[in-house]
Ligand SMILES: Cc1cc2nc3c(=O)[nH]c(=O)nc-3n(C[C@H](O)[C@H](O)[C@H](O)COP(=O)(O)OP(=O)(O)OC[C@H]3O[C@@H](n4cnc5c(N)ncnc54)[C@H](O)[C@@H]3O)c2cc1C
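Below you will find one chain, with nothing else, as structure tokens; this is the form predicted alone, and questions on how it binds or moves follow later.
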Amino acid sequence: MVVVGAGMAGVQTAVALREQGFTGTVTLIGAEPHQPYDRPPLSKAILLGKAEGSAFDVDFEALGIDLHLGREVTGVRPGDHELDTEAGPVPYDVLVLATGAEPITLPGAEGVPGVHLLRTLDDAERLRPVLARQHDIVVVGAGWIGAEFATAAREAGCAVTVVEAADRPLAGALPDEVAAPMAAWYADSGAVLRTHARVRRVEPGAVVLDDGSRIPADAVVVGIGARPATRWLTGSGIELGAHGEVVADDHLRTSAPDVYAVGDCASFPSGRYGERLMVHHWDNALQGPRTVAANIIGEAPALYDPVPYFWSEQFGRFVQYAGHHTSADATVWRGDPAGPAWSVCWLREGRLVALLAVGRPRDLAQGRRLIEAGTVLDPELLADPARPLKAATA
């Protein structure tokens, strides 16, 4: 067994194989030199100097997992059952692709002094002294990572301006009416949010927008999304999707024999939602490996069709999301979005398909179970924020 990628998905795949009784050789290959680590702490705890690292609490030696770090994988030849790496070929019987995603760079900003990405431990360590010196910072992109970094930068005492090409934060991730109330969170925290703001170029010390305005910047942090880290698969014959992701089936098998894909680098068909999903979130990298391990070891195929889940801590708010809302035919609000705690429920034919909870963790926990069960809900009862979500059944 060979697993490529030593992030959450790769580590959990190796661990799940052992937990489920696999006794053969397990090799885990990671491109970074660091001991495998968790990524969520990068955007706050490590940036603010509250933690030095976030290594997984896994005893790889005791589990009999051969760990190869700082080793770049350059290609795969499925017909030969062999990986190509900088240190030479690696044969495999079964291969798991868990290479995650890589940040999208801002065109023209590569190599400009003071421009940063935030994806790796090294990125966070480079940014930590920037926050400590309380620099003027411009964040490009008001998505999840942009909001989380802006939160940490404000907590560190930095002046923060966030520029977003769209007309609101989280454009593309949430519907207009749901994302719009979140714009006020920036001002509440003391950050400046500029929407309809496209970056023309980045210069040392400034960001220049399309309208000609210049924003002083001691540092620029780019958070405009991520793409699957799969360019090394070009020419392998393994099917890739429109976004460069590995196309996996509902057992997380790829188009190549004995090759699986899991986590941020892959998409999978969801029977629950009737479409192919690509989920770039921590919970997907935790859940998928259990299915992969079961399918490698077990006799009965295990299907992968989770209720997607993620969370974000930003501007003093705990935001959680479960499900997939694009197929909904009705939206129900619970509470006032101008207040500190509220939820949005999406229904399809009366059944809950997705839920966003701001400061209402109980709504999220109950809603996730209702989504999994396909329970029919009464919209009028659901709209009462004082009523438990589970008591809104039709």
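Position 1 is the first residue in the sequence shown; the rest follow in order. Owing to the predicted nature of the structure, the values given are computational and were not obtained by experimental measurement.
One more form of this protein should be noted, the form predicted together with this ligand, which is absent from this view; the next part is about it.
- Here is the short version: of Arg368, Arg39, Arg360, His325, the single residue with a heavy atom within 4.5 Å of this ligand in the model of the complex is Arg39.
- With the partner omitted from this view, the residue of Val178, Leu106, Val73, Ala197 that lies near this ligand in the model of the complex is Val73 [heavy atom within 4.5 Å].
- Among residues of the shown chain, Ala31 is one whose heavy atoms approach this ligand to within 4.5 Å in the model of the complex.
- Contact annotation: Gly100 falls within 4.5 Å of this ligand in the model of the complex, judged by heavy atom distances.
- Within this chain, Tyr92 is remote from the site of this ligand in the model of the complex, having no heavy atom within 4.5 Å.
- For Asp264, a non-hydrogen atom is located within 4.5 Å of this ligand in the model of the complex, even though that partner is not displayed.
- Looking at 140-148, 234-242, 166-174, 267-275, the stretch with residues near this ligand in the model of the complex, meaning non-hydrogen atoms within 4.5 angstroms, turns out to be 140-148.
- For the candidate spot formed by Ala229, Ala285 and Trp311, every residue has a non-hydrogen atom within 4.5 angstroms of this ligand in the model of the complex.
- Counting a residue when any of its non-hydrogen atoms is within 4.5 Å of this ligand in the model of the complex, the hits in 5-39 run Gly5, Ala6, Gly7, Met8, Ala9, Gly10, Ile29, Gly30, Ala31, Glu32, Arg39.
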